[in-house]
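A single chain, nothing else alongside it, follows as structure tokens in the form predicted alone.
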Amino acid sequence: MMRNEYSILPFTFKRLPHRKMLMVNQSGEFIFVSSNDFNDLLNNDLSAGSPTYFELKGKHFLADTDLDIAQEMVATQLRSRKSFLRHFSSLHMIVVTARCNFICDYCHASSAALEQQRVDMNWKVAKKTVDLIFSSPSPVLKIEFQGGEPLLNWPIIKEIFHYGTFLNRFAKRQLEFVICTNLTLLTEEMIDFIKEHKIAISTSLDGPKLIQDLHRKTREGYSGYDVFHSNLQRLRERIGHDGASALLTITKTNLSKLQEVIDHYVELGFDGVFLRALNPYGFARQNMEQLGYSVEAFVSEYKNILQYLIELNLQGIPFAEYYTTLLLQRIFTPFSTGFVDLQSPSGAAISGVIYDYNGEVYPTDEARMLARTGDKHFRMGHVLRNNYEEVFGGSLVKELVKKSCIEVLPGCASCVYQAYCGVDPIRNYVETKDIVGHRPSSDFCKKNTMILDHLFQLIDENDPDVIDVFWSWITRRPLEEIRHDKFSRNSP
């Protein structure tokens, strides 16, 4: 019997229930096929006239007379997925102080007491930090103020803003500023400055008052939630609802109360949430028995709350889950998402970087936290002693890049979800003392695999309502518009 003449392009695959296979190619295109069609494809027995053949050809899993064109198409899509590399070192986080008026049970940064002003960034370090930031080749520069509680060193925030804005008169970059704050120290003067200069605000919200105050404790013993709530309203009255977003940390306390947490986010006027699992750093590592949970428990609640969020959207309450949205963007589109933890090579150091109050530079906040505990393995350099090339072109950054390419890592190279996942070399080092890590025992790998398994199950079920909600999250458009566009396309 003569075999069909076609070439099979590289792909990874996974066997699903009911004799079905999931295939994903190098550019992230996916397809579900039957086991029989899969076997026929590999044996070059797939009929050239079958619908599966045309779908596989259209998504560049095989090519017949157009192999060169198919290869170029895959290469083009792969370049789009890696376009974050063109924005080398675009996110710059500056720790303007290690002091904090809170002492949270899960704090990554092990904040210092209020009276320890020696851990405030001074102008000499701040100026050199901004000079280093503007040495970046990226056309986009985002400067994010972090702590501790950054508002405790408000004068240096203003100095950095004015100096950065001055330099940008000549550099002509797309320059953005963000303050990550618990909001409790917000003054009218600060609100005026934030409004005048269109500075974005990122804050933290773990749920209603009882949940928020349980692990996010003020040093002086008052309710941080009450002040947060009051100042959030004051801020929004001046800059609008879109000017402040919130970040959720999931502990054992709120894991089983996520529906209550989401309801509170909706009540406060937020339109989305990032379901962030607890990471094993700082105080969180010390208090893991009190705060922690298994990956299986997290993903089980993730599935429940994802279904709840889909139902909210179908009831006319637009509300997105941002981690799911990032994964869906990677599954359904060829575009780069720019999220550090879902990049290959890892975005640590090459996309985002953090400057400590004393001028030391680290690839991530978690790496800075390691240094605080005495392990400076990831110290990239110092703003007063090293130039841009020495900080970003040194052996540490090269090692991070070389050992965080998911396409060649053991356990990742053959994974069907390789195109959608990423690498966290700092966490690998924390867990195994090796930045390559060990996939079979990695909670990062287990969590992403279980979440992607669930998302692809939903995609395979192809419920029109669920898919419409997903596209409204991906495109950030109202659900009604997504449905109207689909109806218009399907109308004769």
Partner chain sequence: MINIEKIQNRQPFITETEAGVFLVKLKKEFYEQEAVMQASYKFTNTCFIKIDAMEEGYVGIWFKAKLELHVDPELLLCEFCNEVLDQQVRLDLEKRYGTIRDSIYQFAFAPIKDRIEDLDG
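Fair warning: this is a prediction, and the values are worked out from it, not measured in the lab. Numbering follows the first chain given and starts at 1.
The form predicted together with its partner chain is left out here; the points below concern that form.
Visitor: Tell me the stretch among 459-467, 437-445, 422-430, 46-54 that has any heavy atom within 4.5 angstroms of its partner chain in the predicted complex.
Guide: Result for this chain: 437-445.
Visitor: Among K128, R79, R234, R379, which has any heavy atom within 4.5 Å of its partner chain in the predicted complex?
Guide: Of K128, R79, R234, R379, the residue with a heavy atom within 4.5 Å of its partner chain in the predicted complex is R79.
Visitor: Within 4.5 Å, heavy atoms only, which of L85, I239, A171, M288 is in contact with its partner chain in the predicted complex?
Guide: Checking each option against its partner chain in the predicted complex, the one that comes within 4.5 Å is L85.
Visitor: Answer yes if any heavy atom of Q26 is within 4.5 Å of a heavy atom of its partner chain in the predicted complex; otherwise answer no.
Guide: Looking in the predicted complex, residue contacts with its partner chain include Q26, since a heavy atom lies within 4.5 Å.
Visitor: My question is simply whether S414 lines the interface with its partner chain in the predicted complex - judged by any non-hydrogen atom within 4.5 Å.
Guide: S414 belongs to the contact set for its partner chain.
Visitor: Although the partner isn't part of this model, could you tell me whether R15 comes within 4.5 Å of its partner chain in the predicted complex, counting any heavy atom of the residue?
Guide: Flag for R15 set to yes.
Visitor: With a 4.5 Å heavy atom cut-off, would you call I482 a contact of its partner chain in the predicted complex?
Guide: Outside the cut-off, so no.
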